[in-house]
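Just one chain is shown here, as structure tokens, and it is the form predicted alone.
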């Protein structure tokens, strides 16, 4: 087995071009903190971008940042914090949930396309990627996008890269939109509410003039206080947060509890990184559905443990790792309401036998295959990572 660790973009392109000539598959990764997401594939040669790192350009006044793909997320967050800015899509790390350690790379963040609780208002990873540079499956250097949104013309390939899990191209450079970091965070909670009542409260809060940036429901075993709760996050200046909090409590008296800044930050990090399920044995599903359908998914698998994020639209579900990990039951429930389900954490054997990502059918499968072949015609980049036949 060979392990390639290119030190620059030119060396990266040479390695991929050589692999293409030999039609030798490459397991593409960054710092490997998300290696346990996706199908289990037997690929001998590993290509890591961890050494291609550093901040290339940061213009705080323009709210734009360009970094090499191997740059640790912590390094980026520290640089942004010095100017009171942040990545608004709230990238989660999942170290505890996935049993990995080490620095998460920004390339891995974009390649997996995973966002935190603020995704429902700030947008997903793909909405914050302005441009990128990468090496395709032929070993060719490609670029797309720019440093401002108005420069992005033609096909928006940046959105295509986000969530592609390294199956289309190897990211080498990424340009991101950054935003001011909120000065104050406060969370209002309604205790003792079931999933349906909780989602109804969250929906009313999100539909009001309160400008919430997080909305989650936790069952008693995950809430930490012996009772279920619905939580709404407010962010902004201290004066704005106080005024909106008072207005929300007046409009919806069920939100009678308050978490201060530090408590709020701890809660939403825990929600975003699924820490409540991390130490429990079993397989974990990540399920995206219309928000009001979240409780239906929880009820579809009796005995499962789960919670709701994104106002009910994101369901995290822990099931016993037996049989098909409840895949048939879960995907049947998702088919009724619309959405998709991903087997996010499971043993290598389960991820080898059960479809990890939502199965593709008909035109969507054909389109996905054509996209793959246009970027990686020899299927050497993470083949089988997302789907078994390409």
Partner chain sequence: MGIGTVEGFATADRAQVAAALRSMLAQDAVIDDPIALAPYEADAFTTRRQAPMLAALPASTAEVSAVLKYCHEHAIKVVPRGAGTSLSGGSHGLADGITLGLAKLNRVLKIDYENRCAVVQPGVTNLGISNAVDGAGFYYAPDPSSQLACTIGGNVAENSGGVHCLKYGLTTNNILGLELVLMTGEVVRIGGPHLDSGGYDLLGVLVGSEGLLGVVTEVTVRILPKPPHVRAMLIGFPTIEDAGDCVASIIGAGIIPAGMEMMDQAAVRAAENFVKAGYPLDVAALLIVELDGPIADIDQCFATIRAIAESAHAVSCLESRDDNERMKFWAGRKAAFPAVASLAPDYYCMDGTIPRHRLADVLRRIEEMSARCGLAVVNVFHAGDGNLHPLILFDANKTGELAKAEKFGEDILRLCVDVGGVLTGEHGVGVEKRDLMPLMFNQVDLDQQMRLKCAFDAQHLLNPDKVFPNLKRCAELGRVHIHHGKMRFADLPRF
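Just so it is clear, the model here is predicted, and its values are computed rather than measured. Positions refer to the first chain, counted from 1.
Form predicted in complex with the partner chain: not shown, discussed below.
The chain is drawn here without the partner chain; in the predicted bound form, the stretch among 100 to 108, 118 to 126, 260 to 268, 71 to 79 whose residues come within 4.5 Å of it by any heavy atom is 118 to 126. Judged against the partner chain in the predicted bound form with a 4.5 angstroms heavy atom cut-off, the residues 58, 219 and 306 are out of contact without exception. Scanning 184, 249, 96, 138 against the partner chain in the predicted bound form with a 4.5 Å heavy atom cut-off leaves one residue, 138.
Contact between residue 35 and the partner chain in the predicted bound form is not found at the 4.5 Å heavy atom cutoff.
For residue 337, a non-hydrogen atom is located within 4.5 Å of the partner chain in the predicted bound form, even though that partner is not displayed. The shortest heavy atom separation between residue 316 and the partner chain in the predicted bound form exceeds 4.5 Å. Although the partner is absent here, residue 255 lies well away from the partner chain in the predicted bound form, with no heavy atom inside 4.5 Å. For the partner-free chain shown, 203, 206, 207, 208, 209, 211 of 202 to 225 come within 4.5 angstroms of the partner chain in the predicted bound form, judged by any non-hydrogen atom.
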